[in-house]
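Coming up is one lone chain in structure tokens, specifically the form predicted alone.
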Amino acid sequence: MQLTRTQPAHVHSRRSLTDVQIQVLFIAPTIILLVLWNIFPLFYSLYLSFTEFSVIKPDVPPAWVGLQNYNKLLSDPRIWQYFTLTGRYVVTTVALQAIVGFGLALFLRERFKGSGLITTLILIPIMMSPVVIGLFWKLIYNPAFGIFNYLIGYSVPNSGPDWLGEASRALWAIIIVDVWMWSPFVMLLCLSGLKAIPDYLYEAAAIDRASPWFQFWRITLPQVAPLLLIAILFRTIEAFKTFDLVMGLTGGGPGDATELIAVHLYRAAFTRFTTGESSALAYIILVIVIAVSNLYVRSLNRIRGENH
């Protein structure tokens, strides 16, 4: 008892903190930053979507207009045109990435001389910045000195098409770059799934004299399907948000031929500064992405249920 009475005051105060209180002290700064930088802007932008407000007019407070911004956007045919363009872009790029990525994974499943080097070279695009890739491919597509037209058969300079300057080809030019850039991501996930398939499944199929097509359809594809669907889910969400690649290649042009919905959102928010309307558009995009993601997750759960 005498020892307790002689302890310094700060030692007694430190020992009075419980483990839970110490954990709260360590976690609290992170929680506060999370609220300030993520959750608060999320709800504030939701509030702004129901108002008429421009960020370049800070002296004019947000005026409540209810669902007017949403009605205006949903009744604008240009918005549906941009959504349709984005839908075509998403479906085409994700489908091509799934096919190319899965094909590359099948090719690299077996170890052979140089397979490690080839795998590393294929993965390089996903390590680079989309803006850098955009500028890089802008030079490749150049009709005067770019190598792309030469590779597809146009040996005379300026005789090939201007891929980024023609409205009918510009979107395909972006799709080609996106597939080149992100197919390695799909390949990586599929390759991990292929490596995990037990050899005895193929050995049993060989004993039963099953054809290669039967082995692919009944063994390979079902085993890789969950990882392939996860890759498709990630790529679908990212494709909906494609912005930097488009800005690096075409800037949304020529005209509005490559103005995907994310590019249109950027122009509404930071060129025309219609903050309230652009906030509403952002939430419409969010709802669509969540709905599409739920469809994928349900399909994934169904496939996993069938496999188990």
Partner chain sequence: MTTKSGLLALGLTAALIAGCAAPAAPSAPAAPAAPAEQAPAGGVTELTIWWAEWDPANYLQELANDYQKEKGIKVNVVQEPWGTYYNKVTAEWAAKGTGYDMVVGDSQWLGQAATQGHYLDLTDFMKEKGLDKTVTPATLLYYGTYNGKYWAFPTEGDALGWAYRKDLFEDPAEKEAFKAKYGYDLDVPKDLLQLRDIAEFFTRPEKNLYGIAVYTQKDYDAITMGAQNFIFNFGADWKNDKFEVEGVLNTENAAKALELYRELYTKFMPPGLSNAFFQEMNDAFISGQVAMITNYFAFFPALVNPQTNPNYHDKVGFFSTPPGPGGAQYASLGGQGISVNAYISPERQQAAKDFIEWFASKPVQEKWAALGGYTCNIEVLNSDTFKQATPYNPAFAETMNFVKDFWNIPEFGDLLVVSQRELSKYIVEGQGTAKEALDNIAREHTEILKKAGYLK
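All of these numbers come straight from a predicted model, not from anything done at the bench. Each form is matched to the other, and the largest set of C-alpha atoms that superpose within 1.5 Å is called the rigid core. Numbering follows the first chain given and starts at 1.
Below, we refer to the form predicted together with its partner chain, which is not included among the displayed structures.
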* Touches its partner chain in the predicted bound form: residue 278 (any heavy atom, 4.5 Å) -> no
* Does residue 116 make contact with its partner chain in the predicted bound form, using a 4.5 Å heavy atom cut-off? -> no
* To do: Evaluate residue 158 for contact with its partner chain in the predicted bound form, applying a 4.5 angstroms cut-off between non-hydrogen atoms, and reply yes or no.
  => yes
* **in the predicted bound form, residue 55 touching its partner chain (heavy atom, 4.5 Å)** => yes
* To do: Please determine, with the chain shown alone, which of 186 to 194, 75 to 83, 105 to 113, 232 to 240 has non-hydrogen atoms within 4.5 Å of its partner chain in the predicted bound form.
  => 75 to 83
* **Whether 35, 39 and 222 all lie within 4.5 angstroms of its partner chain in the predicted bound form by heavy atom** => no
* Asked: Taking heavy atoms and a 4.5 Å limit, what residues of 138 to 172 are near its partner chain in the predicted bound form?
  -> 138, 142, 143, 144, 158, 162, 164, 165, 167
* Is residue 67 one of the residues whose C-alpha moves 2 Å or more between the shown form and the other one after the core fit? -> no
* Rigid core fit then residue 29 CA moved by 2 Å or more between the shown form and the other one -> yes
